[in-house]
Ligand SMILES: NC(=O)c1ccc[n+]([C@@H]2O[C@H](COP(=O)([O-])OP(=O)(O)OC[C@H]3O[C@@H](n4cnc5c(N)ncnc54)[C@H](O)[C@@H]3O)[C@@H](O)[C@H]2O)c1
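Have a look below at one chain only, the form predicted on its own, in structure tokens format.
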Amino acid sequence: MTGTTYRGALIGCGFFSHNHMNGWRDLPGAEIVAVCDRDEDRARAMAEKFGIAKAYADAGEMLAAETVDFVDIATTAASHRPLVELAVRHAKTVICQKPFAENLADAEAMVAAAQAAGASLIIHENFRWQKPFVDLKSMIDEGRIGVPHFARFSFRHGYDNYVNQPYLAEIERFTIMDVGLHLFDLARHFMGEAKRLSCTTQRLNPKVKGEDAFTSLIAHVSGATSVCDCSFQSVVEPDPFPRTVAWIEGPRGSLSLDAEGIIQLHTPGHLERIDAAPEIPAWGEAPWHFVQDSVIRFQEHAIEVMSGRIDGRPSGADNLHTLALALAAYEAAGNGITIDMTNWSET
């Protein structure tokens, strides 16, 4: 790490952005110098809470007035394209919250805008940055189970997610675009690109407009298979929210991850147990620390990107493939078909 401190601006001061701000505040190498939200009172409240000098209600005004190295966009998907296209003209690194876009055309336009501006565009897919998944990937890369041929990534709970994020109950496309994107990103991260995809969806809670459960089966180019499943209406005690469980098999063994962050390595005649739960940040609390710690890890990665030492993971260009899986999943579920992802295009 050099002695450089990168100047940043945050756009979007809603519920999850407080995790972003807590992370940036404590990390050496980055400093948020301005915040913005269309609700000016909310922007001012965020600025006051974190000791930020400038608060704005208009992103264009903020970026015209401030000199920044990076912009962290923590807004909803519908606003991403104009904000990204604006931000890449003012900052060399732009971070965009998922879902990246509501359609591939907007996502491709943002990738093109970043490339034209010479800016790095990184998507905040934080599941792959959760400590248990970082540890799992390291174990697989070390060859502990051989090349994986099967995986399941599962996010099932009954937590009332609509208290902090009430808009989730109102959107037509819910679980696949909210959590499914994270699970598809994990599937690609661990198992490689998808060849075929099928999906079923369910609407279990009558108060929710969109699907609140889905199960997707992916055949990967490598020949591997993965299952991604999610439910916001499962009865589990104690409730595991917001944690993800996983099972990954290879020719030499299998790896399991439970809701407590315990990894088990199964090899012939042997079982090894590894505690991969992250530490609770000073500003965090259990069980949210699995996600809170991942935000810090992602931000550390973003600082490395800004330093020019590595490329962003996942980049906007890479995330096009994850977004394609999510959009294709709706088509597969709606028509009861299996999608050939090698030839799929959005209609």
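Just so we're clear, the structure is a prediction, and the values are computed from it rather than from any experiment. Heads up: residue numbers just count along the shown sequence, starting at 1.
Omitted from view is the form predicted in complex with this ligand, to which the following refers.
Asks: Hey, with this ligand in the predicted bound form, do 7, 44 and 68 all fall inside the 4.5 Å heavy atom range?
Replies: No.
Asks: Can you pick the stretch from 224 to 232, 254 to 262, 185 to 193, 98 to 106 whose heavy atoms fall within 4.5 Å of this ligand in the predicted bound form?
Replies: Of the options given, it is 98 to 106.
Asks: Only one of 205, 115, 215, 79 comes within 4.5 Å of this ligand in the predicted bound form by heavy atoms, so just point that one out.
Replies: It is 79 that has a heavy atom within 4.5 Å of the partner.
Asks: Which one, 111, 277, 74, 119, lies within 4.5 Å of this ligand in the predicted bound form by heavy atoms?
Replies: Looking at the other structure, the residue within range turns out to be 74.
Asks: Does residue 61 make contact with this ligand in the predicted bound form, using a 4.5 Å heavy atom cut-off?
Replies: Contact with this ligand, no.
Asks: Answer with yes or no whether residue 126 is in contact with this ligand in the predicted bound form, where contact means some heavy atom within 4.5 Å.
Replies: Contact check for residue 126: yes, within 4.5 Å of this ligand in the predicted bound form.
Asks: Within a 4.5 Å heavy atom cut-off, is residue 85 in contact with this ligand in the predicted bound form?
Replies: Residue 85 lies outside the contact set for this ligand.
Asks: Wondering, does residue 293 line up within 4.5 Å of this ligand in the predicted bound form on heavy atoms?
Replies: Residue 293: no, not in contact with this ligand in the predicted bound form.
Asks: Where, within 11 to 38, is there a heavy atom within 4.5 Å of this ligand in the predicted bound form? Residue list please.
Replies: The stretch touches the partner through 11, 12, 13, 14, 15, 16, 17, 36, 37, 38.
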